[in-house]
Ligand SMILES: NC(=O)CCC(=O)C(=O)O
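Shown next as structure tokens: one chain only, the form predicted alone.
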Amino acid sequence: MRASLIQLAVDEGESVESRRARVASLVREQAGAAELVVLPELWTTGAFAYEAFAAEAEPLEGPTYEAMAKAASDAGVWLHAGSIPERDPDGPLYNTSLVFSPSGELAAAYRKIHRFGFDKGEAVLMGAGEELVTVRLPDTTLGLGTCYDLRFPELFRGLVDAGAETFVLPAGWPERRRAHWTLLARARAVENQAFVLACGTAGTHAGVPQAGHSIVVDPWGEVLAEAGHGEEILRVDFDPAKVATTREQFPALKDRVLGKRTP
């Protein structure tokens, strides 16, 4: 299976409309080059641009939804369109990920469960999601997480119980904690014997330098591909069948004692 992780630079000075059009064009360029395309977290605003969340929030089926649905259809790819600040008409804002099928249909929406910021920023401006979300593709089942979720292994255990074999994680991870990004991506892969496709951002969000270094890790924890610091498209081939093989060869998941649940 071929994947393209589009590591975007989300810098000040580019309008949301311009960036949306640019990203749609980048997605279309993946036609024939990838089956799965992944975008970063909150790329319309920047993950640390807290003051812009309310102003730039949009309904689930808003302009970003429409542009990304069309881009997925035009390219004929599965598209994890990163996340947007979603405005629920009956509730708070959410950090919501969107996944589209190659026909442009919405396959899943995931509201980020773990909000970053402690007592400020996302943690107080946005509501928390409550549901684990998986998406069945022809060759693998995706388990969805977003950025700060990476620090909470119980979420990924729950996704494994729900059938996930490939974790897809968009992020706006800061440069000052880049070592954690790589370490945790590999840990989630090893402990769950799953692929991890983690797509970050480049540039600077509201004065916070971003880590970049989008990464793809296999079920043994080996790094299959890793981006640099700037904007780029990370392309990788991976074999989803390796998950089942790994779990058969080294059946550690069968020895779980604590927290195991039946979906």
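As the structure is a prediction and not an experimental result, all values here were calculated from the model. In case it trips you up, residue 1 is the first one in the sequence shown, and so on.
As for the form predicted in complex with the named molecule, it is not shown, yet the points below apply to it.
- For residue 48, a non-hydrogen atom is located within 4.5 Å of the named molecule in the model of the complex, even though that partner is not displayed.
- At a distance threshold of 4.5 angstroms between non-hydrogen atoms, residue 147 is in contact with the named molecule in the model of the complex.
- For the chain shown alone, residue 120 is not a contact residue for the named molecule in the model of the complex, no non-hydrogen atom being within 4.5 angstroms.
- The named molecule is not shown here, and in the model of the complex it never comes within 4.5 Å of any heavy atom of residue 158.
- For the residues 167, 110, 116, 94, the 4.5 Å heavy atom test against the named molecule in the model of the complex is passed only by 116.
- Annotated contact segment (heavy atom within 4.5 Å of the named molecule in the model of the complex): 169-177, selected among 188-196, 72-80, 137-145, 169-177.
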